[in-house]
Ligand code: GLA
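Quick setup: one chain, the form predicted alone, written in structure tokens, and binding and motion questions come after.
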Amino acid sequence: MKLLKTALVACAAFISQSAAAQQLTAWDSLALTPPMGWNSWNFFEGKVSEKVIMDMADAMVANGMKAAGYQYLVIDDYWVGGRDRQNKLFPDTERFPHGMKYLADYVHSKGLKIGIYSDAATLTCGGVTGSYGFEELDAKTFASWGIDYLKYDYCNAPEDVATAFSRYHKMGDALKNSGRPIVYAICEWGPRKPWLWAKAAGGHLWRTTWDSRDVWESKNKDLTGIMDIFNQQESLANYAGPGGWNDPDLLMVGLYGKGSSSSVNGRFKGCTFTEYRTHFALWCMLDAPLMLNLDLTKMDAANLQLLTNKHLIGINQDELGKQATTILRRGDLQVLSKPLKNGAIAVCVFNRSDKPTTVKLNLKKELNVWQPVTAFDVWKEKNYPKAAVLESNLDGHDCAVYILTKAE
């Protein structure tokens, strides 16, 4: 136990020293801003296939998501067919008849990037072949296919932190030696506090919670709704920044209860559009990776407009890379603030209650903003010059988002 604590302290110190020096390596530079894209889990799960990925790539280009900044298409679990006589992984031949190199080339031809999934054990969460013991070989195989992103899970692996760090570090080193830049997503789910050691293991992002469910808030301690996950992010802001990000899991936006994992086989019927809008805004404020998992070919106009909102994406992708923190709690009201480049500030005014409310916030007295500012309302796309008060009429579970800039 003493050795384990020492290892964690050393990892935390390593991260702290690197941040203080503000010197990013070429490896860190693979994720200077939170990754944006799509993942096959929740909606498609075991039905993932070559056609699904190609259809999603086509949709991402056609509907404007690529232009808005989304770039990764990540193939999650169930793609593996096994290992060949040279122990190289190969895909399920029915689902991916042309192989992964063919699919990667197709995705790249669209100006997008492709990701893949494996596990730090002999079997993945879905029970197919994992990468434990074959890290170097698998990393080189992924590189030879043209893979740009690896989501690395932790099912069927030992529970202790030391083993988790060792296994993740081994794959991190393998990816660095693969001959191709591959973004490394550590999917440990949070119980071993990966924010303390994942960057030292080579990670560019690390899951901070269990899998998200398509429900506003779960009443079951074993299931994580959107608010359950959001509440767990409060103390983690200091661990995120350019090159390494806290990952509060996939966005549920637009699922509306579809997908057996996100809805727990129909138990959850999804959220309202207002709740999805707040969900997206909060994840943007948190500098979370923006990874979707709905069917992009059937997305409605309202959700597409939300997910391509240039102002929210700009907040999330701001190069300063500062995760938002809470600056005010008053009853069911929560206000988050996120510093942006050039001295601007993003403010999210969040009504946690399920009842509508009117909020008036004095910028000086309550938000500690003393210089004259122009407040830009992200939803209304309206400027309020030399604003002194932020006034918001919020529905239940609604939020308002403002960008404050120095008044001319």
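Remember, it's a predicted structure, so these values are computed and weren't measured experimentally. When you see a residue number, it is the position in the sequence shown, counting from 1.
What comes next is about the form predicted in complex with alpha-D-galactopyranose (GLA), which does not appear here.
| alpha-D-galactopyranose (GLA) in the model of the complex: contacting segment from 230-238, 137-145, 168-176, 150-158, heavy atom within 4.5 Å | This holds for exactly one stretch, 150-158.
| field | Whether Arg277, Gly396 and Tyr402 all lie within 4.5 angstroms of alpha-D-galactopyranose (GLA) in the model of the complex by heavy atom | value | No, none of the three is in contact.
| request: Report yes if any heavy atom of Asp287 sits within 4.5 Å of a heavy atom of alpha-D-galactopyranose (GLA) in the model of the complex; otherwise report no. | output: So Asp287 does not count as contacting alpha-D-galactopyranose (GLA).
| field | Exercise: Arg207 in contact with alpha-D-galactopyranose (GLA) in the model of the complex, heavy atom 4.5 Å | value | Output for Arg207 is yes: heavy atoms within 4.5 Å of alpha-D-galactopyranose (GLA).
| message | Under a 4.5 Å heavy atom criterion, is Gly126 part of the interface with alpha-D-galactopyranose (GLA) in the model of the complex? | response | Gly126: yes, in contact with alpha-D-galactopyranose (GLA) in the model of the complex.
| message | With the partner left out here, check for me: in the model of the complex, does some heavy atom of Asp214 sit within 4.5 Å of alpha-D-galactopyranose (GLA)? | response | Contact with alpha-D-galactopyranose (GLA), no.
| task | Please pick, from Tyr102, Trp189, Phe273, Phe90, the one residue with any non-hydrogen atom lying within 4.5 angstroms of alpha-D-galactopyranose (GLA) in the model of the complex. | result | Answer to the contact question: Trp189.
| Candidate from Tyr117, Trp283, Trp245, Trp197 lying within 4.5 Å of alpha-D-galactopyranose (GLA) in the model of the complex - any heavy atom | Of the listed residues, the single hit is Tyr117.
| message | Under the 4.5 Å heavy atom criterion, name the residues of 30-50 that approach alpha-D-galactopyranose (GLA) in the model of the complex, in sequence order. | response | Heavy-atom contacts to alpha-D-galactopyranose (GLA) in the model of the complex: only Trp41.
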